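First, one chain by itself in structure tokens, the form predicted on its own.
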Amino acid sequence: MPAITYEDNSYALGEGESVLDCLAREGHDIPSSCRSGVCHSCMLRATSGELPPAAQKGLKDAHRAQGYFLSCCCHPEGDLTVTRADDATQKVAARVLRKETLNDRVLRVVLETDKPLEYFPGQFVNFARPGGLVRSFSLASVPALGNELEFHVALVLGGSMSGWLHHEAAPGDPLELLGPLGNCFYVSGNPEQPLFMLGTGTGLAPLYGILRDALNQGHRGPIHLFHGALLASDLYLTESLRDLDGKHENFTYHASVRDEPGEDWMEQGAVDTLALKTAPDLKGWKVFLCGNPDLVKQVQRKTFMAGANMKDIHADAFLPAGGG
């Protein structure tokens, strides 16, 4: 019979038992309610082994890609190692490798780690400094393109972490990374699906990772990336994104400026208005939204009203904690 490994203990799965039944029999308190795959309260994560498709039915693509499953519906044919859904984070020692100014407020911070961090581009990690200061930053890097980890850090007025990274951090300074977390990332399997990406500020960071990951995996469907700012000087990575636009026929980069005229290749106006004018019918599209939390919430509703399926709308709102 298959064996279920959980919290360093291994249990033989009984005849007809689900993973939930097995763990409950052994005295583990796994949250559950409906026991029919509807409520999702019994979700666990497999770290090794093959999951039956029925155990992931109804889950978002991002959850399936990370090994999450419904334990009440899981009847595996082989051994599984599982963990609680909220125990899936890693702790990795890292060091500042280099820094690069992207605009007046945004810094590219590149880290190196003692061991590889397993992540999907677009997820975020928590930076932990000695002394207990913790802040979250999204990954702009792509593991298939190199081992270095890239982050875009906006300087927050009075921000403890952003201020340290901008003004004090030097190559070799240590950090601990906790994560990754988040479900805003590209999942292969539907290479013809159109992708709609919209971000403001350093909400571009996860989109930049997702975009390059999709292109690197050979995504063939149209990809539109909309980056909005109040002023033209607030935009960044414009040359890199315009270069990608020129190299990939299926990718279009849209830069918009709200409060002043930009350069002739930029659009003027609110980024969400311009984006939905460009792509008014989002039925069948996958949507990625990152940046200002109020705007993200508004555009979630607008993209749903424009036809996007709720399970295909992935959002990552940026809200600096404790001053940044």
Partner chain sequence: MSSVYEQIGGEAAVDAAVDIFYRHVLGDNRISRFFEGVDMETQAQKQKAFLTMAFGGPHNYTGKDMREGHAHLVKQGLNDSHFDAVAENLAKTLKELNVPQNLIDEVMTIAESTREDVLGR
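Residue numbers count along the first chain shown, from 1. Just so we're on the same page, rigid core means the largest C-alpha set that superposes within 1.5 Å between forms. Values in this document were obtained by computation on a predicted structure and should not be read as measured data.
From this point on, the text means the form predicted together with its partner chain, which you will not see here.
Taking the partner from the other structure, its partner chain in the predicted complex has a heavy atom within 4.5 Å of a heavy atom of H40. The shortest heavy atom separation between T278 and its partner chain in the predicted complex exceeds 4.5 Å.
When contacts are judged by a 4.5 Å heavy atom cut-off, K57 counts as touching its partner chain in the predicted complex. In the predicted complex, A270 stays away from its partner chain, with no heavy atom inside 4.5 Å.
Judged against its partner chain in the predicted complex with a 4.5 angstroms heavy atom cut-off, the residues A3, C22 and R25 are out of contact without exception. Only one segment in the set 270 to 278, 45 to 53, 29 to 37, 252 to 260 has residues whose heavy atoms sit within 4.5 Å of its partner chain in the predicted complex; it is 29 to 37. Along 287 to 309, residues Q300, R301, F304, M305, G307, A308, N309 each place a heavy atom within 4.5 Å of its partner chain in the predicted complex. Once you line up the core between this form and the one not shown, the Cα of S33 ends up 2 Å or more from where it was. Core-superposed comparison between this form and the one not shown: the CA of A308 stays below a 2 Å shift.
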